[in-house]
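A single chain, nothing else alongside it, follows as structure tokens in the form predicted alone.
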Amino acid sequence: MAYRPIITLTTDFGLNDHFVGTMKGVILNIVPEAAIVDISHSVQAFDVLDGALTISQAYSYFPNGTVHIVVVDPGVGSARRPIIASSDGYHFVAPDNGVLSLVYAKEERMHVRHIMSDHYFLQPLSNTFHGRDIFAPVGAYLAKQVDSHKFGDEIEDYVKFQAPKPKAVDANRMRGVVLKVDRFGNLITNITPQDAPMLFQENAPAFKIQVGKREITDIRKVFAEGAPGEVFGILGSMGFLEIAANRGSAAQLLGVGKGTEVNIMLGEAAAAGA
């Protein structure tokens, strides 16, 4: 079978405008045999953390050699650098604003380069659409197997951040946060089974999960176990505790959203409601 390069796109562009289609046109002009896959164009506008969560959840399910283009770029046109980050299996083309932070955390070895070879860019270069003029053509040339060394020098001071981590208040209480709300209204927290293993064991101790004004006392294994209108906890596919409702929006039922505090109380703290 002939080699067919794969390029993915993750942006906050939405689909109402020409932006995504234009990037695909640029790519196909350079590497017409490419398979272009849309991971998401519904990243929250300007939300670098949401972009980081999105690409970190998806990239590793693609074949080795895939080029991932990630454009969540509130600093477009500023001094922020365009970069290529290369792991053993993938290339990532993105602004250097931390949007690859959760990929860096997952990959053992990453080489990051500041893209400086502007002869790979579209000209004239727009100050407001680097997705078209820088990231799409660079990603296309990478997919065409141009060596990443040719795009610029390796850097060590690239931007990265840690996603918010849950914090232990004391031995029986933990405080987390809602990282995002998916399209079904599930509240995706930053709490993993490693952070609160007692919640997910077969005979869990008494617990309460407080989100907004609601206290949740049940963990379900599948959505269908929940009764109509019931809000419950569930271990979601992203590996985080989610607050969900069966065929309903937990976000709407609770009147909360991204950034909402999530408090877990175990044992005596749960009984006391402290």
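From 1 onward, residues are counted along the sequence shown. Just so we're clear, the structure is a prediction, and the values are computed from it rather than from any experiment.
One more form of this protein exists, namely the form predicted together with a further copy of the same chain; it is left out here, but the text below deals with it.
Contact with a further copy of the same chain in the predicted complex, judged by any heavy atom within 4.5 Å, is made by just one of Gly75, Pro193, Pro164, Gly89: Gly75. Proximity to a further copy of the same chain in the predicted complex, taken as a non-hydrogen atom within 4.5 angstroms, holds for one residue of Ala140, Leu102, Val181, Ala85, which is Val181.
Contact annotation for the candidate site: Val43, Thr54 and Met238 all lie close to a further copy of the same chain in the predicted complex (heavy atom within 4.5 Å). Here the chain stands alone, but in the predicted complex its contact with a further copy of the same chain, taken as any heavy atom within 4.5 Å, falls in 181 to 189 among 113 to 121, 181 to 189, 155 to 163, 196 to 204. Proximity of Ile216 to a further copy of the same chain in the predicted complex: non-hydrogen atoms within 4.5 Å are absent; the residue sits far from the partner. In the predicted complex, a further copy of the same chain sits within 4.5 Å of a heavy atom of Pro63. Using a 4.5 angstroms threshold between heavy atoms, Leu49 stays clear of a further copy of the same chain in the predicted complex.
Shown alone here, Pro32 lies within 4.5 Å of a further copy of the same chain in the predicted complex, counting heavy atoms only. Residues of 191 to 213 that come within 4.5 Å of a further copy of the same chain in the predicted complex, judged by any heavy atom, do not exist; none qualify.
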